[in-house]
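Below, in structure tokens: the form predicted alone, a single chain.
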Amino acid sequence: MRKYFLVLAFIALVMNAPAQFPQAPATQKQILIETENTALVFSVGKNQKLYQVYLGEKLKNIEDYKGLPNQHEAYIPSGTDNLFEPAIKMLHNDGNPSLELLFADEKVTRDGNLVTTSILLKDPKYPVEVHLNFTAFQKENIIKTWTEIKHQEKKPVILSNFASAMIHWDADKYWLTQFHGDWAKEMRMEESQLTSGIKTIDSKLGTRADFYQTPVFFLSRNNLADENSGEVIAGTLGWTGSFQLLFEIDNSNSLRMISGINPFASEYHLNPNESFVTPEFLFTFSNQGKGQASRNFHKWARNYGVLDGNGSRLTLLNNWETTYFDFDEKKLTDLVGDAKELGVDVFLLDDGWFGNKYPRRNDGAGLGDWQETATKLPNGLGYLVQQAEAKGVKFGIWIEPEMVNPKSELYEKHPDWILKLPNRDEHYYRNQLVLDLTNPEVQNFVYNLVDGMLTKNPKIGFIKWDCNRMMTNTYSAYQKDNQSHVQIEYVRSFYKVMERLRAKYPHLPIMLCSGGGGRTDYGALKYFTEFWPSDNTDPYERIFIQWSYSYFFPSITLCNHITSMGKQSLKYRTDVAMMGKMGYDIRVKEMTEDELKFSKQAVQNYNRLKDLIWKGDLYRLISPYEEERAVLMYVNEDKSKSILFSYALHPRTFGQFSPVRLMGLDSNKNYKIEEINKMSKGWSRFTAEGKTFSGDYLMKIGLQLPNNSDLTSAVIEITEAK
């Protein structure tokens, strides 16, 4: 009995002694994926398996990585000795459900700032290859990873798991920051400590990346990271469809993160000699908190992730909240004049301009019939384009080309083009159904719709591309025996259409919209210039929504409109919208003289400062999640110019906010302080107005900002004093 207890004690000692892992031999092959500040390191074990041995701050001495243990298999397959969630699961032709992946080769290519590493893994028993690909963006400190799966078996193999990435991390504790919501409640931030077991963030919507859950996260190690301190990984999946982010803590308190397409209803039959390429997973490591992680993502997105990310954007006036479906040519041409009066670049015609047999008088008919409604627009879109051009503004148009109303000519002519179960009642959401974009005929229809419109009206200067419907009761007449391919092939087909359009119209501004923030991902943004974060434009709510999106997306991509929603002042609504890509959706004719004068001046201020807002480094100073205010600032590259936004929420009566310490300035420079966006009859308690302070003072002492009462705001311009 004593011997039995000694054995148990020895086992317990070994199981609880993480420092006792065997050291890697000095000659062991290692693969380094490095940016300027981050390292992801793999090694090949004696058993020829690939292990991840490190993820964190880059070490100065490469030799130091060689002493790290082979603790975590890099891309763990299913069916052999793995006891936890796998990265890949495959069923072979002979019914064998196992996979073993051994290192076979490595290839590294360099292209300026980009270093791409491809690691080839092979199964020793079956002709299966898995390529793990990593692109390190050196200056941005972003790593992009994706997987390519191939085989040469005689018949299709069945894939039921196919991760884009499996990443391992070790710590005493782990903290997850996630974002979730619903229509008009997008991007609500929630933070929690991960515990043993699996935490899954996923979507099963098919046509959209997010709506209820968003494919982004922060993962903090040991302590919950804040804005400026803590070790944190920020990650997101570039996929405009159903996704899965999975976090599993095992029996040794090690964490594995698995990201990729959601395998739900997506079992994939991969043909011999074909490749299954997963979407890209993007992540950055920061040991300086969430703020630095965000700035890494913003720089990467502007340089690589968003169409024309370092270019310009157009301000616009949208007619939706002014007219809804009730308009004619006279109303629209008057609104074109309002756009000119405000000083914006584009007048955007929203929903309701199309359909003749079934005119689009509401959201119950016409969707899919993309001809101008003759009773509303007897002279067609071309007349409106000409009217806009004559007034010195561009004309933009709303479309929703992937959807159809049952009450439409398209539905009557092509019932086989629609995703719907053949033996069930049709299920409607917003009175519409989804077109089967996996069908090449439907892809041509969508492409020809946009191309035809632009060919006929080449001076259309902006498109708002909407998508208001998720997949339900899904069945594809085109896919036939491969119904589990529909969700995957739909997204791939969407990208094919966009690639064709971008080949012909490479720089046309297109807003990515989806019933609010239903499509906010870097899989789609490579084809789009911006996105619509939410249909909720109440400025109080938008502060939280825009704040959360700012963690992963640069301000040049976030469309923020001044509308009549909410009871806040026009100044407050304007100041909130100016935080990103500002626009208007408002009844200009109902503005007072002072409001119109203020708005015109605000547009001028915005045009003067927009490059700073879009391309400056973002510093979030005071979080609305922590205080009854939100404060943030943008700083340009040479630290000569900054703009600060301050929004009071609902502070206690007679309360007084403490001074705010600024960030990102040059401590050796002096800066002049000026409040802008002031109403003509307003006044300011800003005691720093017109004064000059050193950057050192502003970052160590700070500014007492002028707005400290309920729902007040301030925009402060900070300029280097020469």
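Position 1 is the first residue in the sequence shown; the rest follow in order. Worth saying up front: this structure is predicted, and the values here are computed from it rather than measured.
Below, we turn to the form predicted together with a small molecule, even though it does not appear here.
- Under a 4.5 angstroms non-hydrogen atom cutoff, the small molecule in the predicted complex lacks residue 210 among its neighbouring residues.
- A residue is said to contact a partner when one of its heavy atoms sits within 4.5 Å of a partner heavy atom; residue 535 meets this definition for the small molecule in the predicted complex.
- In the predicted complex, at least one heavy atom of residue 468 sits within 4.5 Å of the small molecule.
- Mapping the unseen interface onto this chain, residue 350 counts among the residues with a heavy atom inside 4.5 Å of the small molecule in the predicted complex.
- Contact with the small molecule in the predicted complex, judged as any non-hydrogen atom within 4.5 angstroms, is confined among 434-442, 218-226, 458-466, 88-96 to 458-466.
- Think of it this way: in the predicted complex, the small molecule has a heavy atom of just one of 154, 430, 424, 650 within 4.5 Å, and the residue is 430.
- Of the listed positions (606, 614, 584, 398), a single one reaches within 4.5 angstroms of the small molecule by any non-hydrogen atom in the predicted complex, namely 398.
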